[in-house]
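Heads up, the chain below is alone and in the form predicted alone; it's given as C-alpha cells.
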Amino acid sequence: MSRTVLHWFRRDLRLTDNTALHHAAQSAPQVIPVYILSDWKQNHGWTGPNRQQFLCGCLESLAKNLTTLGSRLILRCGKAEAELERLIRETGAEAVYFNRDYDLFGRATESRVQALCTRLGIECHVYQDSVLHEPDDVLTGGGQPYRVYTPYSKNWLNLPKPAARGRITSLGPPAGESITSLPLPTLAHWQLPASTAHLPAPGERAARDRLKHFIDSGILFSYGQQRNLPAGQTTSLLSQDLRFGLLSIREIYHRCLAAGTQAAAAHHAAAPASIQTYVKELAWREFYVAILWHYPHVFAQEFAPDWVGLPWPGTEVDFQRWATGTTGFPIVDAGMRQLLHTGLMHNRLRMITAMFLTKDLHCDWRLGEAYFMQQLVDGENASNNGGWQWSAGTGADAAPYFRIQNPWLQSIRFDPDGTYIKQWVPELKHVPAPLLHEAPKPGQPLAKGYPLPMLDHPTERDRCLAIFAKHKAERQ
C-alpha cells in the first residue's frame, strides 16, 4: 500500500513501547516522525534552561535512534496545528498519529489538531500512552472522579494493567530531501542562558540504564524502607524519564513486578512490600493527572473551596532567601541548593521546602509551584501542582492546614547524620550532626558564612494557624 502518515512526537521521545508510533508503523509503509518546537523566547512561566537543555539532549538522541532505523526526524517550530498542516500538505500524509496529553494546554492543542484533520479530510488517531489508566477509567461507583487518593489507589491497583510492546524496527523510508527540517535545537533557540546544573544524561538509552540500575542494584527492593532518606540514591531517579516519555510507564510497571517475582523466589522478604510502595507512587502520579483532568481550575486556584482567596502575606525578600537556599535552616537550604545544582530534588525535600515556603514564610504556593517548574528537569504540571497544593494544605487529599512540618524534626528524622545537608551546604561540613537539627543560640551562627535562621518556627506555625482559621471563619 502506498500510504504516508505522520507521527507527532510530544512527551514520548522513545522508540520502545510507544503506543501511537506502534500503530502508525502498523498502518502505513512510510511514517514520518515530527517534533514541533515551541516558539516562545527568553522566558516562560513554567520551564527554564534545565528542562530545555535536557529536552535538547533527548531530541538529539531520538534523531540518532531514528537514523539507525533508516528514518529521519523532522523538526519544525510554531503552533502545532499550523506546522502539522504544512507538513501534511508537503508529504501528502493521510493520517496523523500522536499520544494524548492530559493537562489543559495539551488538551487544547489536541482539539485544534483534531479539527485540522477533520477540515483536511484525513484520519486523526490519538492514544493513551503516558498513564496506565486514563482519568475517566478510575471513577467512583457513582461515576464521579475521586477527590481523595486512598480510594482512588485501591480502584487503580485492582484494574488490569496494559502490557508493554517492543521496540519499533522500521518506519519505512525517510522523508524526501524536499521536506525541510530545522537543525537540532540548543538553548539559543529559546534565547535562554546556558544551564549551569549537572543534569541527568538525556535520551532513551540513558533512561533504560537508570531503570536497569534501579532494579538490578536492589534499590527497588529497599525502596519501602529507604525512600524518604535523601542521602545517596534511595529512589528510582526516573522522574524526568517519565516526564519526557523516555521510558514507558507500562514497561516500568511490569519490569518492577517481574523483579518482585524473582526476588520472592530468592526469599528476599522486603521486596514485595517495597515494590508495592513504589507502584503506589505511580498511582499518586496518575491521581494528580486525574485531578488536573477533572478539575483544571487547580492550575490557577486552590482545589479546596474553603481556601480559595486565602491570603499569603509572605514577602519577595522571604521568597528569594528560600529560592537561593539561604534561610538558615540547613535541611531547607540543602534541598534548594540540590535543585539549583542538579535540576532535581528528593521528594521528601520537595515537601519540606514547599511547606516551609507556605507555612513558615506564608508565601503563595503558586510562587513556589512556578519556581519549581522553571528549575526542575522533571517538572510536570499535574504532579507539581498536586505536590504544592498538598503541602500548602489547599489541594486534593492535602495535608490538613494544621499539619505543619517542623523543619528541625524533619532534619533529624530523615538526615540524622547530616550527610545530605553537608553534601549540599558545604559551609556546614565541619558542624557536628546534632547541631544541624536544632535552632542555634541567638547570635551564634552554625558556621562562618552561614546565616542565622530567618525565623522562629513555633512563632510562624502559630501565625499560619491563625491565618487559616481566620479565613475559614470568614467564609462560614
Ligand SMILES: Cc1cc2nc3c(=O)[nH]c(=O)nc-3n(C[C@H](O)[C@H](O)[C@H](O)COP(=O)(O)OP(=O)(O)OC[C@H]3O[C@@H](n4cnc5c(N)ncnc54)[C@H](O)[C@@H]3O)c2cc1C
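Numbering starts at 1 and runs along the sequence shown. Quick caveat, the model's predicted, so the values are computed rather than measured.
Keep in mind that the form predicted together with the named molecule is not shown, yet the notes after this line are about it.
- For the options Tyr401, Tyr288, Phe221, Tyr146, the residue carrying a heavy atom within 4.5 angstroms of the named molecule in the predicted bound form is Tyr288.
- Among the residues Leu238, Ala263, Leu104, Ala231, the one placing a heavy atom within 4.5 Å of the named molecule in the predicted bound form is Leu238.
- Interface residue remark: Phe244 is not counted as part of the site for the named molecule in the predicted bound form, having no heavy atom within 4.5 Å.
- In the predicted bound form, the named molecule sits within 4.5 Å of a heavy atom of Leu282.
- Heavy atoms of Gly387 reach within 4.5 Å of the named molecule in the predicted bound form, making it an interface residue.
- At the 4.5 Å threshold, heavy atoms of Phe372 reach the named molecule in the predicted bound form.
- Residues of just one listed stretch (72-80, 296-304, 180-188, 375-383) have heavy atoms within 4.5 Å of the named molecule in the predicted bound form: 375-383.
- Along 321-347, residues Met345, His346, Asn347 each place a heavy atom within 4.5 Å of the named molecule in the predicted bound form.
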